[in-house]
Structure formats: C-alpha cells, structure tokens
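Shown below, as structure tokens, is a lone chain in the form predicted on its own; questions about how it binds or moves come after it.
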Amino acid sequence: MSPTRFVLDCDTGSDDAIAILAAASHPGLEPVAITTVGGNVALADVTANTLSVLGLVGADVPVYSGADRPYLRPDLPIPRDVLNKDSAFQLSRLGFGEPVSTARAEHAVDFLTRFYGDAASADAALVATGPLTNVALALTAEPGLAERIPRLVLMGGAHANGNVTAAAEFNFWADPEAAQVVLTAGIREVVIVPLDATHSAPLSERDCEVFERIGTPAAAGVAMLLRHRLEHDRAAAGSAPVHDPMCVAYLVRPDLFTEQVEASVSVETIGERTLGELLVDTRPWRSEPSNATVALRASTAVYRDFLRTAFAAG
C-alpha cells in the first residue's frame, strides 16, 4: 500500500517533535509539508525546532511558517512568558542544534489554501497538533476550503479535566476562536484526540530504554525528549502522556482508539472560568448534528507498537 499523505500543522515543542520524528520515519506515512504556528513557544522557535528535528533524520519536508498570534486575540489569554515563568517543562529550543535548512518563503496560510485547493491533494489528510490559528485563517480566507480537506485529525480539548485550566486543554485555550471556527466549518471528517485519550496511554522510562536500544537517530532523539517530559511533568508517576504523536499514529493505526464517540462539539470562547473548554454533546435529543469523532481512550500496546515501528525504520 502507498504511504498515507498528510500535512502536519504544529507548534513544535517536545511532543510535536516526537510526532515529526514518527511521521518522517514511519514507512506508512508521507508528510508532504509542515506548517508552523505560535503556541507552545514563540513562532520563530517553533519553526527553528521543526527544521532542527527534520535535520536530525535528514528528512526533506518543506516547512512553511505561519501565524505568530491567535486568530482574533493580540496574545494568548495569559502571555506565554507569564504562563511558563515557573516551569521548565516547555523549552523554547529542544537541543538538536541549529537548523541546517530554512522555511519556505510562502506563508503557511497561503500554502494551506493553495495545497487543498488543488485536486491532486484530495487524498492528503490534515493533522493539527497546535493551536488551530493557521487552519482557521485558511478556512476564513477560502470559504470553500472545508469541502476540499478530506480529513482533519487534531490534538486538542478535554472531555474531562483540562491542563491549563480545570476546563481547558492548551491548544483550544490558546486560541479558542480559531478552534470554534475550525470545528464549525463543515470539514467532512474530523477526529479529535483530547487529553482523555492521550492520558490513557502514557509512556515511561522503560519506553526510553527501548528507544535507546533501537539506536536510530530518531529513537535516540525521542528518548531524550521523553525523559525531559518524565522529569518535568508535574503529574507524572513514573509515566507521562505524549499527546501529539497519537494523531499521526491514528493515520496508520485506526485501531489505536478503544473508545470514541460521535458528537456535536464546540468550544467555549467567552467563559470567565471555561475559556477554551471543549463541549462534547452526545445527547440523543440535541438539536445540532454530530460534527466530530472524539477519542476517549487509546491502546498503550498499539501506541507503543506504532512508535517502535517508526523509530526502528528511522
């Protein structure tokens, strides 16, 4: 079978980096481009991290730099330097050295509208693992674009507890208006991978040891990134969730999710305590039709098998 083609839109911190390494290494995946967005870290660092990660494995994937601020807001609800002030969890740079390549001149939003406007891209999924700013801007710039995106798999939201607030996960909290635009745009297949799913299949020090034994550059890089997450994840008890690679894993392992629901989903954009909350409405008498599949639990065995397959190849 031919590899699954897709575009990855990301805000490269450590788990996005693992997703990039998996995407570039797995024989069943073909990342045709990466678009970057400000989120985990500032846009310049996101783009530099992305290029450095690709350079680690010699992957020739074009990178397009995108939005450096949210869709409508001048900044994150709490500015990044304030939000991360007392945390060593999110590093601006990931430690893979300076990039040896540069991003393309075309803006990420222009690339997305051009790429998905081309009939030749009708088979290419869109995977989004950061704030949805680039995607929302592209959908707004070209209203017919939603019909041209065959599938969107995104990491965002939480059906239960959030991580930035009790209600909200970071990606949706960072740009709630963008998330709401994307989820209500009419893309025909939307799969949401929230914290519920990612926390159900955490990785551990044993996984680091497995990756080190594999010995490829990708596997060694992932072991380093995962150890940092294990060290600094405040909720860790010997393991930590690695969110973003689940989205690329799902493209080739649809058996990854063991529990999921079809629902009418939306994002809170004005709540004082609930800004960025993902609302998952499964009531049989709801007035709105289902517009997304929401993953609730994942198989740790399938997730580990996907990662080991990817990094053994890379």
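Source: prediction; values computed, not measured. Numbers follow the displayed sequence, beginning with 1.
There is another form of the same protein, the form predicted in complex with beta-D-ribofuranose; it is not shown, and what comes next is about it.
K.L.:
Give a yes or no on whether each residue among 129, 163 and 171 has a heavy atom within 4.5 Å of beta-D-ribofuranose in the predicted complex.
P.N.:
Verified in the predicted complex; spot residues all in contact, yes.
K.L.:
Work out which of 155, 136, 149, 219 lies within 4.5 Å of beta-D-ribofuranose in the predicted complex, going by heavy atoms.
P.N.:
By the 4.5 Å criterion, the partner-contacting residue is 155.
K.L.:
Considering only heavy atoms, tell me if residue 175 and beta-D-ribofuranose come within 4.5 Å of each other in the predicted complex.
P.N.:
Because no heavy atom of residue 175 falls inside 4.5 Å of beta-D-ribofuranose in the predicted complex, the answer is no.
K.L.:
At 4.5 Å between heavy atoms, is residue 195 in contact with beta-D-ribofuranose in the predicted complex?
P.N.:
Looking in the predicted complex, residue contacts with beta-D-ribofuranose include residue 195, since a heavy atom lies within 4.5 Å.
K.L.:
So in the predicted complex, is beta-D-ribofuranose close enough to residue 47 to count as touching (4.5 Å, heavy atoms)?
P.N.:
Although beta-D-ribofuranose is absent here, residue 47 would stay clear of it in the predicted complex, with no heavy atoms inside 4.5 Å.
K.L.:
Find out whether any non-hydrogen atom of residue 40 is located within 4.5 angstroms of beta-D-ribofuranose in the predicted complex, and reply yes or no.
P.N.:
Yes, residue 40 lies within 4.5 Å of beta-D-ribofuranose in the predicted complex.
K.L.:
Tell me the stretch among 241-249, 283-291, 256-264, 26-34 that has any heavy atom within 4.5 angstroms of beta-D-ribofuranose in the predicted complex.
P.N.:
It is the stretch 241-249.
K.L.:
Could you run down 2-33 and flag each residue that has a heavy atom within 4.5 Å of beta-D-ribofuranose in the predicted complex?
P.N.:
11, 15, 16, in sequence order.
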